[in-house]
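Let's start with one chain on its own, the form predicted alone, as structure tokens.
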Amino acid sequence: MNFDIWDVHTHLAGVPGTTPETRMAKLLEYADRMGIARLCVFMGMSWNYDPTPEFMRRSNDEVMQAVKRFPDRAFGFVYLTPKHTQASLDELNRCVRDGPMVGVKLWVAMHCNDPALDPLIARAAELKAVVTQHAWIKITGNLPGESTPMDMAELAARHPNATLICAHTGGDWERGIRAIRPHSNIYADINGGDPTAGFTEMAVRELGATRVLYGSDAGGRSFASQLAKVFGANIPDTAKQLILAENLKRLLRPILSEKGIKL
């Protein structure tokens, strides 16, 4: 079976190149080797755990540069920080309402169960933008503002109309899957981490194949190692196609339709 593949989680950081356009071209070169048709990309050419509004805007400008060069291959998600609420709302409107971006990326500046996120999540839902939230459970201890899947469960309960993506499924995926299971508006992004046997099978069993998304975390991780989580899983081909592309298409279809983009 030939699978259509859309990657929900890629970055410009960690990729060779001196400009956003050259880094995007290199990402697509690698993606082409693996038959990946579309990439969702967020955050700029460098990272900051606690970005200022200026850093946030620059990062988003870099992603928009990259996406503009390859409009048929890449979608941009706007990078926001809840520590700067008004600046983030302004950025959400600039990049999504008035710009080409179709989703939101939140990282580690603040735990996502903090009420400071509420205005951002509510506005994203109004714009039909999906929200990807980094989530991890680290045995060595999380960063001060780093969210867990349990934090995401609290956020989802407050915003049942928002579409939320749990990036990495919390790293500790056995606990992460259980934490998000009761909340049908949270989707498991299985990117990052090693391709451990049983991860995808458990996600499908506990959440249903319609709530699982393929992502790579490139350039931090290889496309091949992350695709192995799907191709090597003991699940039907119909479930693999949902995970590899169809679920993401369904989540993005409302905002793409608003922007006049046909799939």
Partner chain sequence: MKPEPSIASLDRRDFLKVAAAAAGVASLGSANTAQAADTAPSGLIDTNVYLSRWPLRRLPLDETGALVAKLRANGVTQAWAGSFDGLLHRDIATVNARLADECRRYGDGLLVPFGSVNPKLPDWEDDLRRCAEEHRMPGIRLHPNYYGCKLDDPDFAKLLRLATKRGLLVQLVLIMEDRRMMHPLLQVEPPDLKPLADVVKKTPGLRLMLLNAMNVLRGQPLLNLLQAGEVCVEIAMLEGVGGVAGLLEKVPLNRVMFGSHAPLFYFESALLKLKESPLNEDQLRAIRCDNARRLLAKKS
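The structure presented is a predicted model; accordingly, all values stated were derived computationally and were not measured. Positions refer to the first chain, counted from 1.
If you look for the form predicted in complex with its partner chain, you will not find it shown, but the lines that follow are about it.
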Full three-residue contact with its partner chain in the model of the complex, heavy atom 4.5 Å, for W6, A122 and T163: no
Do G99 and its partner chain share at least one heavy atom pair within 4.5 Å in the model of the complex? no
Does any heavy atom of Y187 come within 4.5 Å of a heavy atom of its partner chain in the model of the complex? no
Heavy atoms within 4.5 Å of its partner chain in the model of the complex: does K68 have any? no
Using 4.5 Å between non-hydrogen atoms, is D172 touching its partner chain in the model of the complex? yes
Its partner chain in the model of the complex has a heavy atom of only one listed residue within 4.5 Å, and of P236, P53, G208, G35 that residue is G35
Which residues from 199-224 come close to its partner chain in the model of the complex, meaning a heavy atom within 4.5 Å? F199, T200, E201, A218, G219, G220, R221, S222, F223, A224
